[in-house]
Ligand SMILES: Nc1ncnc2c1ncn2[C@@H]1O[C@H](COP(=O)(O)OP(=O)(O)OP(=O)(O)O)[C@@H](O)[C@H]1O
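One chain is shown next in structure tokens, namely the form predicted on its own.
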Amino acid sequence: MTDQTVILVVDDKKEHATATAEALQKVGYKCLVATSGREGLEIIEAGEVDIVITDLIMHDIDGLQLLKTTKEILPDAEIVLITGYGTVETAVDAMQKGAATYLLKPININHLRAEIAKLVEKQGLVRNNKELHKQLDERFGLTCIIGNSSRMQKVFNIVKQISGTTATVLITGESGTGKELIAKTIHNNSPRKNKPMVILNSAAIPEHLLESELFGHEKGSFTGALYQRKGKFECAHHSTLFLDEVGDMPLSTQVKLLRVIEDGVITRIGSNDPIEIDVRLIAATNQCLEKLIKEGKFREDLYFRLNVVSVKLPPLRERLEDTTLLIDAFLREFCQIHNKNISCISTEARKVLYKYPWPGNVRELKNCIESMVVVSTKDILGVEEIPDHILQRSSELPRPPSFMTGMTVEEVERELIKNTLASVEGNREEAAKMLGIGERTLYRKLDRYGLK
């Protein structure tokens, strides 16, 4: 950390400032020297200072004024005040204005070095914490949901509107469309984000254990219950519980889940004592719950309780214009993970990937790009890196349209041009050839449809 720390020493007695700077430079710090408060202020305004060591009494700008200005310009900087005229009142005033510490002359160099080391460590922790929050924001903020299509823009708008509420959410969509990612995004943009979201996949838990997983149990309540255990609802108190594959939940458990949602109270198996819980519920399924209701496999009253706000994720084949964005994002991600230096993916390979219908949706595309990155020995991903089953199906199937029945001819043409441009990374000459029109015609249509 020391090679990254810049210390400014301000003292209108040059010999004192120089001696202090040299003592700190010997242990690896980079030091700047100012022999007046005004000179120190000019260096601070440049913005490359981590710690300021300043004399309290100076002729032009004193240490307290320098402290105040530094905190306004560089709020993360730490300030150490040094003076030969120490009083309790001055020390208290300095600390209240934001000084990290207050030292008396003559300076004990070892003491000063120890104090500086503490401040460097503190700043390192603050930086790490900020970086962690930045990474979490990047990973779980809205920027982590990739898509520029109208279908995904609708999803973005709903997520923005509901994240700050406590409303129960039902996320529907095929496997691999990113339902858990949406749930995490809602949680991590909510007031409950300081506590971890609790996740339970209903389909992954045997029926006889599901209630214990949800509501907990007391010791000896059933064979194998060797100790008391909290359920997912208790663990998610003041947080969010994500129930994945809720359509696979047995009817007997659905009844108890409905009661918990209505009353805000759970009872552990083997206990008669109710426990109040404050949990936001987000459920997800890849099944059609309306169909399950008609078949008598899902309770209609529970469905209405879960479906307060609905987020429907489109399959990738219905938002093909997002394929290029997803490919580029996954390429960057896996190059970093696997330490590969791959600059891009060829136009021919993009065409193959764009034509493939992606039955496994975004998850399948992500796995495909990782496979290509891992096996590649070149700096450009080509057709030869594409997995065989994708190559075969892409050659057999016609390109699936991304437009829907009921759209106007102009809307269909706009989508076709937009998707074609995306497949060739915006190359208008190549897009015009693929569309079978002249470049001038393409330019006029781009202008007409607002695609420039």
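Remember, predicted model here, so these are calculated numbers, not experimental data. Residue numbers run from 1 along the displayed sequence.
Keep in mind that the form predicted together with this ligand is missing from the display, and what follows is about it.
By the criterion of a heavy atom within 4.5 Å, Pro315 is excluded from the residues contacting this ligand in the predicted bound form. In the predicted bound form, none of the heavy atoms of Leu353 sits within 4.5 Å of a heavy atom of this ligand.
When this ligand is considered in the predicted bound form, Leu381 lies well away from it, no heavy atom lying within 4.5 Å. The shortest heavy atom separation between Glu180 and this ligand in the predicted bound form is within 4.5 Å. With the partner removed from view, the residue among Ile345, Leu320, Val362, Ala94 that has a non-hydrogen atom within 4.5 Å of this ligand in the predicted bound form turns out to be Val362.
A heavy atom within 4.5 Å of this ligand in the predicted bound form is found for exactly one of Gly247, Gly176, Gly98, Pro357: Gly176.
Across the proposed site, Ile145, Asn286 and Leu326 without exception bring a heavy atom within 4.5 Å of this ligand in the predicted bound form. Judged by heavy atoms within 4.5 Å of this ligand in the predicted bound form, the contact stretch among the candidates 217 to 225, 112 to 120, 362 to 370, 74 to 82 is 362 to 370.
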